[in-house]
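Form predicted alone, single chain, as structure tokens, below.
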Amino acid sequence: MHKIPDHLLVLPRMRVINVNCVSGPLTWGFPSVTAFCGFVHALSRKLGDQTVLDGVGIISHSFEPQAYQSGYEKKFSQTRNPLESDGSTAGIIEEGRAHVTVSLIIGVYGGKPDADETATLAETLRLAGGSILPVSGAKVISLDKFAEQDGKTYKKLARKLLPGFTLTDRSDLLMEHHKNMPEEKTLLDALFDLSAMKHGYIETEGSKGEWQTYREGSGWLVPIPVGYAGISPLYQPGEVANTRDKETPFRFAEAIYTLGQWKSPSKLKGLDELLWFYTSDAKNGIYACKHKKIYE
């Protein structure tokens, strides 16, 4: 059980350019949830000890991949900047970039921060590797916790987040779909089955069938990376050569995927379905972002 935030920090319609849109080894697209949780953690550290930011709701208003179409294929637009110290052009490091417009709803615990000052601090940070353009309209909403248990504060806020789509965790749907598959199928098979666009001959009762393009399940379902799973023992600081940080324990890891769903903010019941939090299980090497129950 996680506590209901004392306040909500709203950063509306932030324009972020050149975000990383290749967040995992299997997919590309909207930045990973871990990038947003990391941004909130970095912003929290800048606010000092009296105020803690934890939990972030992600609402996308636009997503513009920097790509071009060549024949049937789409390819990422690549750049060769900045210039080298001698003025020559740098070599190309392949990357996928996108411009996005997002609203972030951030849980605030402790003291109430100044909205404009916090927005100014946010502009100094990177979000998914992208640059944040000046933010306007930031505000801090104090929660009436008795009312919030009915989702009243969120429902008022949701109307101001339209048009847009909220990224939600649907690992429950993934588990349910896996149970209905043959025993030899894995969760990865279930994720592919729910994510794939299929084309097949569909027979309809009482009439001639037809070829159709369809997907399993209903709604806007997408595979999303949400964290990392350790694939090695936890090594002591400095034990592994060439690591970035010589003061922090180190472990090799692979991305964790689950099923997500884009929903209209007005379809959510409250903060339980909106806010993503860090979770960690160091014993089993699981570091993932999830929703948490915050209402009693």
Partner chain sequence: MALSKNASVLAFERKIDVSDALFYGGKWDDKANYGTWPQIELKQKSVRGTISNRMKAKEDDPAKFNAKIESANLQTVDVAALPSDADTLCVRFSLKVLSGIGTPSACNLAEYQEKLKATVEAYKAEFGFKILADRYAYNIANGRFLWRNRVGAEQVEVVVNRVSAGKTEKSWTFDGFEYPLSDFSKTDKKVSELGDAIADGLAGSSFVIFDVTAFARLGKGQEVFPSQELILDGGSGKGKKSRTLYEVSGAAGLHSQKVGNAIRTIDTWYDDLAEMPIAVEPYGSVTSLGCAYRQPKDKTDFYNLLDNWMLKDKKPSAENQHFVMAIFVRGGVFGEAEKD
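These numbers come from a predicted model, not from an experiment. Positions refer to the first chain, counted from 1.
This protein has a second form, the form predicted in complex with its partner chain, left out of what is shown; the following refers to that one.
Contact annotation: its partner chain lies within 4.5 Å of heavy atoms from the stretch 70-78 in the predicted bound form, the single such stretch among 181-189, 70-78, 213-221, 156-164. Using a 4.5 Å heavy atom cutoff, none of Gln50, Thr168 and Lys290 lies near its partner chain in the predicted bound form.
Contact annotation for Ile202: none of its heavy atoms lies within 4.5 Å of its partner chain in the predicted bound form. Taking the partner from elsewhere, Thr279 is found to have every heavy atom lying beyond 4.5 Å of its partner chain in the predicted bound form.
Shown alone here, Thr124 lies within 4.5 Å of its partner chain in the predicted bound form, counting heavy atoms only. Taking the partner from the other structure, its partner chain in the predicted bound form has no heavy atom within 4.5 Å of any heavy atom of Ser60. Shown without its partner, the chain has Asn242, Thr243, Arg244 in segment 205-244 as residues with a non-hydrogen atom within 4.5 angstroms of its partner chain in the predicted bound form.
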